[in-house]
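For reference, the chain that follows is the form predicted on its own, supplied as structure tokens.
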């Protein structure tokens, strides 16, 4: 396909029209534009502090269109589960069913938008929804045609029946007009009566036309229609149709309906007279309706390969010589030419988001219709469009969750894209962070897991939620951060005399081995539990091991020794002579360190008095305990 240069859509920014110097910052799905301090020579007006957000895709912010994205996501995921080893006939039926599901979702959104557009009192909102309805109408029209030509791939005979259904579905205003005519006092004299009859004939709805006007019943009732499920072959149908067509031409030559101008017009339409058809452009309204009507009454056994010739000639005949085909006309023409890639390319240019081309391409790829087309930059066409669509969803505060499944089904670059996009999801709440974390865990995205946990841990620490911060740092396996938070826990304990978040500390389990400080925190809490349960021997042994194994920070030794005082003062000897000696050694080591540090950083006399009192009390208790332990041990030995 040759590249087509397309002029980008102009977005008016107020400051730009005043000639002011603007700066910008790219975002994942939008651009922030702001006025800079630089003043150009042609700048007008005073400066302002506005930041303008220019969005690439406004549709994802529409609450009604969000339903389209949500519903189509379920269909997309279901499509990916169709097994490759199924028989092609079964798969074809499933693909057609899935295509109809997509179209029903489009229709439902279209009807809801239409209702809102009619009911709203704001002109701007009504216009916006009206434009969205027009876009969805075009999307459904294109999708339906692609379903007929590519997915269902109807053969000659059946093809025209499908095209008739296609036109009838998208030209439903005749039914409304018919109701209006039939509800009038005298339907036959209503000004739209003949328009309704002719419209029914143009759409091949001959039963309805006969019910409106009985005099032409003979020709209409005899017109044969191909029945794909019947016993009649296509050749037999063609012979039968030609006999009927000859009969119509004889009626014209015999002037059988010359007395009634309207009946003569209908007879000419049945004969496939092109001039008569073109005289009724208003009733046909589009060149593709003209195409299907022309085929119905002149070439009902048209083959798929012949469609492009008739489509091109009908477009040329129907449009005014001065008229230029609209983008929709070019897309439909490309479809009739069976140029799938041109259809996708033109739709990508004409439509304002990737939803349509991504889902249609995915379906066509499953039908094995895009196998020959690879891009020059890494992935195939299906994956490229899905990646673009999913990247757009990631800019929305809730639709980003849908995008994950789209990335999952892009085997080449999906995982890489997900890694890049998941880091941009704002972690507004802990619940959302857990949701993102679960997604990353399921896909073994260890780097992203660590990054999210660190962010949440830092946020919790800033808000002084130490328990949550510790929990996140453990999940991140961040030893340095776990050490920092453990320090904060110990500082809080020294200040308040109690631990916060006891449930978390009590259930650290193997996680406490992440860092020495965390191990100490867990073990120190265990000491308090043993002491509370009056298991003094075990508590004393644990307390001593924390000091002798050097797990406890030196700054916390005085607190540990102070915790030993109640155990030393018990009536029963808890610390043995050897253990008491070790405690004495720790106390002397601590006092020598305190003396050394006191020279560098002088303390207040009050602080010094408190320290000295603690040391004296500890020495006294240790000496008393040592004496009692020696006596007890000596008595036992004796």
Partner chain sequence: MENINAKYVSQKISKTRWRLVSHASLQQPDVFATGSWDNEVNKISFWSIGNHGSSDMDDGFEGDPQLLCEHKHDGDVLDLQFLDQDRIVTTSSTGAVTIFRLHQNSQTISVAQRWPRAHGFPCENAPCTGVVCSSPEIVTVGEDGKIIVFRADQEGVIRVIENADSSTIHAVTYLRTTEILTVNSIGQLKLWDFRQQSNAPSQILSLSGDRVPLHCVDRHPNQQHIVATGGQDGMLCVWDVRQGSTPFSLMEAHSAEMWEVRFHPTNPDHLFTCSEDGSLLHWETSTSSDMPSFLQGGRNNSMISRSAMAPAGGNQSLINAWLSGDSSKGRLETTHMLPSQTLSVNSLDVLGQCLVCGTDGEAIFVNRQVPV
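Residue numbers count along the first chain shown, from 1. What we label the rigid core is the largest C-alpha set whose atoms superpose within 1.5 Å from one form to the other. Note that this is a predicted model, so its numbers are computed, not measured.
Beyond what is shown, the protein has a form predicted together with its partner chain; the following relates to that form.
K.L.:
If contact means a heavy atom within 4.5 Å, which one of 246-254, 196-204, 161-169, 425-433 is the stretch that engages its partner chain in the predicted bound form?
P.N.:
Selected stretch: 425-433.
K.L.:
Is the gap between residue 71 and its partner chain in the predicted bound form 4.5 Å or less for some heavy atom pair?
P.N.:
Flag for residue 71 set to yes.
K.L.:
Does its partner chain get within 4.5 angstroms of any non-hydrogen atom of residue 518 in the predicted bound form?
P.N.:
No - in the predicted bound form, heavy atoms of residue 518 and its partner chain never come within 4.5 Å of each other.
K.L.:
Can any non-hydrogen atom of residue 466 be found within 4.5 angstroms of its partner chain in the predicted bound form?
P.N.:
So residue 466 counts as contacting its partner chain.
K.L.:
Though only this chain appears here, would residue 316 touch its partner chain in the predicted bound form if you measure heavy atom gaps against 4.5 Å?
P.N.:
Taking the distances in the predicted bound form, the answer for residue 316 is no, it never comes within 4.5 Å of its partner chain.
K.L.:
So its partner chain isn't shown here. In the predicted bound form, which residue out of 303, 261, 83, 397 has a non-hydrogen atom within 4.5 Å of it?
P.N.:
Checked against the cut-off, the match is 397.
K.L.:
So which of 545, 451, 330, 401 gets a non-hydrogen atom within 4.5 Å of its partner chain in the predicted bound form?
P.N.:
Partner contact (heavy atom, 4.5 Å) among the options: 401.
K.L.:
Cα of residue 224 displaced 2 Å or more between this form and the one not shown, core superposed?
P.N.:
After core superposition, the C-alpha of residue 224 moves less than 2 Å between this form and the one not shown.
K.L.:
Does the distance between the two CA positions of residue 156 reach 2 Å or more between this form and the one not shown, the core being superposed?
P.N.:
No, residue 156 moves less than 2 Å.
K.L.:
Indicate whether residue 513 shows a C-alpha shift of 2 Å or more between this form and the one not shown, with the rigid core used for the fit.
P.N.:
For residue 513, whose C-alpha is compared between this form and the one not shown after core superposition, the shift is 2 Å or more.
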